[in-house]
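Here you get one chain, nothing else, as structure tokens; it is the form predicted alone.
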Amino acid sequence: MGIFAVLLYVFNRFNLNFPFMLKYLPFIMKGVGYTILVSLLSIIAASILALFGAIARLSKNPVFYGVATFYVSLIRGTPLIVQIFVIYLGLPQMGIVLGAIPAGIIALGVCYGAYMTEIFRGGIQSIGRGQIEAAYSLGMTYSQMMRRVVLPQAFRIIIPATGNEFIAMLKDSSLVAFLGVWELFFRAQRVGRQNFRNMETLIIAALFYWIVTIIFQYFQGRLEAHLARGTRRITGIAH
């Protein structure tokens, strides 16, 4: 209760126009769908890139290893906003024209794919060498071993860190507003600038980001608990 009292005091000091906030709340809320859409498609793209990047980073093939290492180093060493504009404004000079939403999804996917490559690589490396050798002794191919033995176990380790990356991506998706995508932040700043009420609209946007994050954290916790039960069940059988 004390925290909410402090928040109410701070909001009161800003002289917020609550009728104005209620009036434009539905308009700003419509941007939540675009925010979630961009974030979900981006995390799918990032996961695919991270999986291939992690396998390449663990490969003994110097070409695969070199390409994956260069990709991770380049993307992690440059700002996301620069990557977004390179894809949206730079690629047309090469004859590749993308819409604002596809460009934003690709940029977010490529950026977070580089960070998640190291997460996936750590998860794969955490699987004991003995299990890999046992899979090979059973006659499994490399792809079968990865699909049936390594990845299902690595998935349990990867989920918490991947969830954290998705939460960060939800917030970074606001950068696609600079491309003109009518997502949550774009709508909030547009209404705020037009009416000189930026604080009100930005608070609304912040609250929606917070709510979406809380909802996702809930489902992430449920998924982690489900996977943990499977691990405990296997451990109990082993004992």
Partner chain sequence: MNRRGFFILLFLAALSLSLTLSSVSAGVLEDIKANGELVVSSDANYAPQSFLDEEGRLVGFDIDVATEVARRLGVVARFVTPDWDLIVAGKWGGRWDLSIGSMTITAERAEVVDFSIPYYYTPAQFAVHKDNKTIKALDDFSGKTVGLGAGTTYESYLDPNQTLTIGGGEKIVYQVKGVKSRPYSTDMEAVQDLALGDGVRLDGVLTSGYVVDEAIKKGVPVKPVGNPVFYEPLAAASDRARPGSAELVKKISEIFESMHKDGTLTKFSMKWYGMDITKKAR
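Since the model is a prediction, treat every value here as computed from it, not as a measurement. Numbering follows the first chain given and starts at 1.
What comes next is about the form predicted in complex with its partner chain, which is not displayed.
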| property | result |
| --- | --- |
| Interface residue in the predicted complex among Leu41, Val212, Ile55, Ile203, criterion: non-hydrogen atom within 4.5 angstroms of its partner chain | Ile55 |
| Sole residue of Pro79, Gly99, Gly122, Pro152 within 4.5 Å of its partner chain in the predicted complex, by heavy atom | Gly99 |
| Interface membership of Tyr24, its partner chain in the predicted complex, 4.5 Å heavy atom rule | yes |
| Contact of Phe85 with its partner chain in the predicted complex (heavy atom, 4.5 Å) | yes |
| Any non-hydrogen atom of Lys171 within 4.5 angstroms of its partner chain in the predicted complex | no |
| 4.5 Å heavy atom contact, Tyr136 and its partner chain in the predicted complex | no |
| Contact test, all of Phe208, Phe216 and Gln220, partner its partner chain in the predicted complex, heavy atom 4.5 Å | no |
| Heavy atom contact within 4.5 Å of its partner chain in the predicted complex, the stretch among 122 to 130, 157 to 165, 107 to 115, 136 to 144 | 136 to 144 |
| Contacts with its partner chain in the predicted complex, stretch 194 to 226 (heavy atom within 4.5 Å) | Gln194, Asn195, Phe196, Arg197, Asn198 |
